[in-house]
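This document opens with one chain alone, in structure tokens, the form predicted on its own.
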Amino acid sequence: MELSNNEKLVLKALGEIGSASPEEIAKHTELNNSAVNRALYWLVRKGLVEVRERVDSVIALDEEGKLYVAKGLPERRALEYLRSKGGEAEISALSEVLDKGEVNIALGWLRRKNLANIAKGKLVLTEKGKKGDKSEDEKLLERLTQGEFMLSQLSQDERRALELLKGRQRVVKVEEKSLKEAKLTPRGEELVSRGIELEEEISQLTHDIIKRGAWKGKKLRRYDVTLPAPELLPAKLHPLRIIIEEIRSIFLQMGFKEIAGPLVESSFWNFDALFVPQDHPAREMQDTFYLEEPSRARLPGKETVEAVKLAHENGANTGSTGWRYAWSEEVARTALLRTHTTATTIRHLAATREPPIKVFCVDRVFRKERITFKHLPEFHQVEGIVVGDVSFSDLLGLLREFYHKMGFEKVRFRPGYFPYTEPSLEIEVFFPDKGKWLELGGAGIFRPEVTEPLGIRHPVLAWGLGIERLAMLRLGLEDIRELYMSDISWLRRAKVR
């Protein structure tokens, strides 16, 4: 059996000292802890050593404990004072040797340890107190000055003393620790009994070793490529970020330009410009985060504002009758956290107007949702917009191409409803793992009531999806909150297809 020198050293150490922790082996062999643990890993794999784990508690002095070791426990100082006064003294006299906060502590422990009694405002030593012997908790404090001890190393008396010390604040620290103990297997004992010969070996050939010929006459360690390698945990993007970057890359491949907009938006661009009436339920406080500071936002030019107002009130020249109410400029000025990325794309369209326009936006949006396994108040949306001499058939073709690039072979559409598109549709894709069709986005053509007031004279194709929903399906998650939990083990395991 091929053994490295470090493995041989560990085997010899276990043969000499018996069962031992990695730290004890390191001290015996003068190897560092890392080298010992690596050697133990391979010796376990080769059936020569077994390693058992157990949980024990580490006992050490805390801040107050170190002070008490230096000047004595409060009851010890009070006891010595009473002995110097002939065995009794006024309680108030303890302030001569104790700090203000320590007097009550000393009184409590003197009585608890049966060292003194209180009679008519005086402290009187008991027979036990007159002897002045050190208590078990004092002895344990002194022992802890030598360093940390394991709970398993304490006697029964010391364990009872530990419970007393734990009843005080910041005197001792008790922390659970997982401990390893290695010992030879019968096979390992047999190998050690036959004798282990250490010899110089080369485990890694370097340029310098080859150049100097230092490998000549040396043993070259054989490599076994079938043995498992240590797990590598390189840095990587968060799974949600990987999906966002994938979507961004697809849009760029399809000839789109990325745009961005403000998180704090006006109701005008978030709702009014999209022909959402000012009394629509989506505007209410339970759906939208309105801001106190700033509470008002700037509106675009008067011409744009007036055109949007007329579209709401009577449809203007769009062929619509509008919503037939008195539109309020003050309501349009209210500031909020945008509820969808459409607020960004409509801003861009109003500024650009003339085709060809192919843009997309991927960013955060906010809605006043109660946090549940499928809802968050902050999430990501992505939206694509095409303006030009395009039709509904072009929209379907773009959608198929986009979702095919996302890795979905089967894509289908069904009629849907959205306030600012007509016709509207929902996109469904087939997930083989789940064996069913799932809705994964919405699309449509902007209504004239949206485009005409902004001076846009060509059809506008639009579609988008919520990214967290896609991420949940891709990653097999049942709870959307898992995407934002700091679970390092999940982040290391997570794969994006």
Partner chain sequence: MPVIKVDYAELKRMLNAEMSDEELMEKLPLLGCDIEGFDGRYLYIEYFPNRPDLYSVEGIARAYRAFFGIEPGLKEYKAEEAENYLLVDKSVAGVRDYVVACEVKNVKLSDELIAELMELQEDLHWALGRDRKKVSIGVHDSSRVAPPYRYTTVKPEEIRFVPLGYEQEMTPKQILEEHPKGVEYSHIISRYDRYPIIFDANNNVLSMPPIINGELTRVTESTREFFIDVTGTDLKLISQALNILATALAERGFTVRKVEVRYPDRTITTPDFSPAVKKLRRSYANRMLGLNLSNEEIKSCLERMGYGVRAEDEEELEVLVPCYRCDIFHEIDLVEDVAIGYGYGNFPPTLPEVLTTGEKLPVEELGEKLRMLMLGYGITEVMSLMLTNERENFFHLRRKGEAVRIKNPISEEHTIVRTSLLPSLLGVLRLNKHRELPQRIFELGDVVLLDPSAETGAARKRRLGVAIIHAKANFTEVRALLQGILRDLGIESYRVEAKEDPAFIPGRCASVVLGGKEVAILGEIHPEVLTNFELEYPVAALELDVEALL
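All values reported here derive from a predicted model rather than from experimental measurement. Numbering follows the first chain given and starts at 1.
The same protein also exists as the form predicted in complex with the partner chain; that form is not shown, yet it is the one meant from here on.
Stretch 371 to 379 is the answer when you ask which of 302 to 310, 81 to 89, 124 to 132, 371 to 379 has residues with heavy atoms within 4.5 Å of the partner chain in the model of the complex.
The shortest heavy atom separation between K410 and the partner chain in the model of the complex exceeds 4.5 Å. Contact check for E158: every heavy atom lies farther than 4.5 Å from the partner chain in the model of the complex. Residue contact with the partner chain in the model of the complex: E138 places no heavy atom within 4.5 Å of it.
In the model of the complex, at least one heavy atom of G322 sits within 4.5 Å of the partner chain. For the residues L164, L98, L191, L398, the 4.5 Å heavy atom test against the partner chain in the model of the complex is passed only by L398.
The partner is absent here; in the model of the complex, the one residue of I247, L274, I259, L107 having a heavy atom within 4.5 Å of the partner chain is I259. Residues L483, Y484, M485, S486, D487, I488, S489, L491, R492 are the ones in 472 to 493 with at least one heavy atom within 4.5 Å of the partner chain in the model of the complex, listed in sequence order.
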